[in-house]
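So this first bit is one chain, no partners, the form predicted on its own, shown in structure tokens.
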Amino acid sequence: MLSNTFDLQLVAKVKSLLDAAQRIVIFSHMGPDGDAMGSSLGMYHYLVNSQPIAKTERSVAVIVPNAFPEFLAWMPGSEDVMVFEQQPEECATRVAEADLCICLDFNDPKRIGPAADSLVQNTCPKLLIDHHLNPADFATITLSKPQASSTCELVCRLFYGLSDENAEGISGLKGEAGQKIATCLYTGLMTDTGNFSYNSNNPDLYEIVAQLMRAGIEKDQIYDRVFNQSSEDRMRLTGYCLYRKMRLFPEHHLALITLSIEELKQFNYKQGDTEGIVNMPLQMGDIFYSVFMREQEPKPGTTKNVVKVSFRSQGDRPVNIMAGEVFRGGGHMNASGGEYYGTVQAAARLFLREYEKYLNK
């Protein structure tokens, strides 16, 4: 039995929204990761298989702002995901026709980039499920728990609350449908906790994992598909980061890795190729903080490059405060992120000027 699930009255309101909707759009954030894709596809399979409106009468679309990594393309349902940057008119039409928008793994419409205007302009009900701090006030119903390991965990808890008390498993679905839901949700749990190495101390999390396994997931196969499918370019890029680009600051138990656009092009960078690199320096016994910066081209309508900044730490050493105050981001104590508008060199200079105020030795 899971504890600390959502309030029953809140779950009942969510159920009413889901039961009434016939044209649903599911959104997730720019640069979709395992949690974004896992929660979105888990929700997709749940909606087309478990609600009182028959699948043939209900339209459910998953829309992501830009392309998701190739190492997530095996996930059930990923072939039907719509990419706003590639299909802007078709995506905008689906959003305009929606009578319910479900927003997963982001706390503000600006996190979905070019899709934000379509979301905001549609006045239909909106359901937000997210685990990041300080959610914006734009949704009809907001399920926000920053202490959760992932959005997939929150979706699991919601499905558990929506299921009949005599139903089996997280979603109440058996067979192939339940297995697809469990596979997607486990992928998000696994990736957003670094394979359960951080943000994963709540015992309830492992009760969720146990129920997902009972639904028939292939846990080891999921790990292999996510972490052991690197291309040659990705492997060489990883080696370059560790050998050429990693700077150590032993007095502060800190590692910093930066990559410019030019460096990424040398290795034929694809979305997701740098996933997990930020965690690698923490394998050294005397490194407690790791920071990774990746430069990318300007967003549409802007002129400055964007630097994605990822923070990781071990133990009782917060990084979310610096991520929020210096890089306009946030996240969990041990795993956070932010952005800087400018060059990666300027972002690194800002970090080196400010980090001693935020990082404990």
Ligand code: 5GP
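Think of the rigid core as the biggest set of C-alphas that the two forms share within 1.5 Å after superposition. None of these values were measured; they are calculated from a predicted model. Just count from 1 along the sequence shown to find any residue number.
We do not show the form predicted in complex with the ligand, though everything after this point is about it.
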Pick from R234, R111, H253, K180: which has a non-hydrogen atom within 4.5 Å of the ligand in the predicted bound form? R111
Of the listed stretches (7 to 15, 333 to 341, 349 to 357, 20 to 28), which one has a non-hydrogen atom within 4.5 Å of the ligand in the predicted bound form? 333 to 341
Does S313 make contact with the ligand in the predicted bound form, using a 4.5 Å heavy atom cut-off? no
Verify the contact flag for P65: yes if a non-hydrogen atom of it lies within 4.5 Å of a non-hydrogen atom of the ligand in the predicted bound form, no if not. no
Proximity of K126 to the ligand in the predicted bound form, heavy atoms at 4.5 Å: no
Within 4.5 Å, heavy atoms only: does R157 come near the ligand in the predicted bound form? no
Can you name the residues of 232 to 265 that have a non-hydrogen atom within 4.5 angstroms of the ligand in the predicted bound form? none
My question is whether R312 is one of the residues whose C-alpha shifts by 2 Å or more between this form and the one not shown, given a fit on the rigid core. yes
